[in-house]
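In structure tokens, one chain follows: the form predicted on its own.
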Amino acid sequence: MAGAGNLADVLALLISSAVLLSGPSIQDGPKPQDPPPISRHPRLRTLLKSGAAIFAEDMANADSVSVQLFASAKGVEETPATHGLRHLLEHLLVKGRDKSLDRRLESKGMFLTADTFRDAMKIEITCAPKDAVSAVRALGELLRPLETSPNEIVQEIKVIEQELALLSADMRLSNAAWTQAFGAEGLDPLGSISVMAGATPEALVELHQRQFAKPNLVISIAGRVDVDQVTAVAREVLGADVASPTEPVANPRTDGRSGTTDSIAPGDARAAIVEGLDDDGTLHALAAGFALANRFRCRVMYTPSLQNGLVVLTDTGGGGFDKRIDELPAEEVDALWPLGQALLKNWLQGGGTPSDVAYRRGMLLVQRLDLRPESLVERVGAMGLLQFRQGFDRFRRDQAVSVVGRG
């Protein structure tokens, strides 16, 4: 249910193709299962006085809707003493008040998933267009005070322990790169079983209150919807539109360190050290990363962030991936420039599915309320060959983090 592994799959999909979902044919006359009429706004962004935000986009050709709730990690970032408590909170929270939220949703054809990233938590409900309002209302259950018990915590830690045992090789390589670059500030969001074992209901209730403070929240909706209608319902879910007395502040991550480390996973990884998305150098490195991933058929692992971080390329094949990057001729690097631009623009715009669009918009908004794909795409379009080369150079051994798998 948790972890950033799903993100690698999304990025791999974007590299190969952008999938557009086709809607059903339109029949004469209204039917009970028909979605609401098309809104006068195809896209609507709403900023509330509380500091929360809502985004809704009508995708007329989509046959599904993605409703995503984001809760920023501002003020509750991972530390050695709290490593994994947000992940544990996610598991407990999505069970709902009666511990059956997922089953109740599935009985109505809706499906719930969740992920905990370094900078935010994401909870997604996927549904048919006719159920969009119900899906948005279901998020309200997650904003009510958490109710849990010591026994429930113990049982959920066992589930997480099984998840960690099945962690993908890509994630293990990426986590090793983050540890090399940022030490304790680069702790993975999946957590430590020993730390989670010391969690108390009171501590998790307090963590929920802090992470789900109004200024930390974004609801992002994409699919065949009436954006005015779902926005109005999302506004109700987020509560009174009054200014928050305090706004959580992020603890900035220090500059990363290059170097070489190893991992128990098979394969290799090479990670470019980057600043936040408000720095053009990060966009240049991302363009180079997407182009290299396409060139060498590997994966890109990056979560949109305004914090210092990594763009990680992982190859779980036969090894030697990092050497191929260092030996790539200059003329081949230059030839990757237009490809890198195109792939990065596609990724920033969210691909073609409601889930992709809602994720990209929501993850940018939860970082900063004025962060939009359109402005980032414009900056990518202005990137010249020299800037692309500089982005590529961040993946060279002397500037990057290299991970050698021992598996």
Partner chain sequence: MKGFLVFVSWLGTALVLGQPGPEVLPRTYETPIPNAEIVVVHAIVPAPGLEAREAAAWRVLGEALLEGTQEYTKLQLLTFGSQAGFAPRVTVLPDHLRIEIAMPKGGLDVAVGLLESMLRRPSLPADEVVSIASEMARRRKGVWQESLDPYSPDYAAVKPTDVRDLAKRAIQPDRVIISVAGGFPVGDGVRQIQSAFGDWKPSKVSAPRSDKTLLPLLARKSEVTTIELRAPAVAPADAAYAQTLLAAFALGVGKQSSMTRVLREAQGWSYRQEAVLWPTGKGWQPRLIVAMKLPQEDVEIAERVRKVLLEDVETWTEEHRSRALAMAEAALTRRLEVSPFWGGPAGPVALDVADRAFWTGYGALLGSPGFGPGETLEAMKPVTLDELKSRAKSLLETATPAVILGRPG
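For clarity, every value in this text was computed on a predicted model and none was experimentally measured. Positions refer to the first chain, counted from 1.
Omitted from view is the form predicted in complex with the partner chain, to which the following refers.
The partner is absent here, but in the model of the complex a heavy atom of Q155, alone among Q155, T200, T261, Q209, sits within 4.5 Å of the partner chain. A single residue from the set M110, L187, L306, L139 has any heavy atom within 4.5 angstroms of the partner chain in the model of the complex; that residue is M110. Although the partner is absent here, L93 sits far enough away that none of its heavy atoms falls within 4.5 Å of the partner chain in the model of the complex.
Using a 4.5 Å cutoff between non-hydrogen atoms, L336 counts as a contact of the partner chain in the model of the complex. Using a 4.5 angstroms threshold between heavy atoms, A234 stays clear of the partner chain in the model of the complex. Shown alone here, S355 lies within 4.5 Å of the partner chain in the model of the complex, counting heavy atoms only. Residues placing heavy atoms within 4.5 Å of the partner chain in the model of the complex fall in a single listed stretch, namely 163-171, out of 163-171, 70-78, 272-280, 177-185. Here the marked residues R103, R297 and N346 all reach the partner chain in the model of the complex, each with a heavy atom within 4.5 angstroms. Residue P266 is the only one in 259-283 with at least one heavy atom within 4.5 Å of the partner chain in the model of the complex.
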